[in-house]
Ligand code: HEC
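Take a look at this one chain, the form predicted alone, written out in structure tokens.
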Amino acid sequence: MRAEANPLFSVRSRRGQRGFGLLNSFLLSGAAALLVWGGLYVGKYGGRFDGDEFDEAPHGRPAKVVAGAEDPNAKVLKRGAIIFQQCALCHQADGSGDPTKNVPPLAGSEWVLAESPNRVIRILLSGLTGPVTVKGNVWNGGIMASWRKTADNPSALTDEEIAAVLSYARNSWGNKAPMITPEQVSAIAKEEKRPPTVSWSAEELLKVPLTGAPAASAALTPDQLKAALQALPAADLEALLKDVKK
């Protein structure tokens, strides 16, 4: 004889099935929502699934870059390095000079490293001749010609280029000295009455102060004066002689 079903148990069983059905539906809906959200997130921020590009910034919009402070002297020194290639033919690329040609070094040179550029600027403006002592050694070189650009020397350097190449020499190969400005070069050139055809001697340059304002030129020797007069155009020389006779 089959036992009759318990009505109370049947009601509870049906309620439990409905409860589990609701829970399963909720879980499935939540999982589906998470999958959809995850797909959208990866699609938007995944950087085409490239690990190097993964970022929470939308693909194609570069991250904001904060520019660092640019060294104001970097451009000048770079230009000076390019100009110095002409000087390297004698002074060498490392500033070591050339003993075989009696060319003194620039690396560690007291002339280059002097706090004031009064003397080293003059060397490039008018040149240098005769023996010069550098780092305790006497260099009996020939003549270093003027490097200043003039009508008679159009392939030479402007004041800005002289400042750049000197600044480079003063801050290379272990050297460390203040930068030189074009204004400093122009001021000395304007004050300097010495003709660019008359080179300085080391003895004369040592009389130029290293402190204070640029000093007036040392007096020319008779030979230097003669060379300066010979370099003048005939008309200018005639006018000068007339003024002298007055």
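All residue numbers refer to positions in the sequence shown, first residue = 1. Everything quoted here is computed from the prediction, not taken from an experiment.
There is another form of this protein, the form predicted in complex with this ligand, and it is not shown here; the text below is about that form.
The partner is absent here, but in the predicted bound form a heavy atom of Gln86, alone among Asn73, Thr158, Gln86, Asn153, sits within 4.5 Å of this ligand.
Exactly one listed residue, out of Ala114, Met144, Leu125, Ala81, brings a non-hydrogen atom to within 4.5 Å of this ligand in the predicted bound form: Met144. In the predicted bound form, this ligand lies farther than 4.5 Å from every heavy atom of Ala163. At the 4.5 Å threshold, heavy atoms of Thr129 reach this ligand in the predicted bound form. This ligand in the predicted bound form is not approached by Leu77, whose heavy atoms all lie more than 4.5 angstroms from it. Mapping the unseen interface onto this chain, Asn102 counts among the residues with a heavy atom inside 4.5 Å of this ligand in the predicted bound form. Taken together, Thr181, Ala187 and Leu210 are entirely out of contact with this ligand in the predicted bound form: none brings a heavy atom within 4.5 Å.
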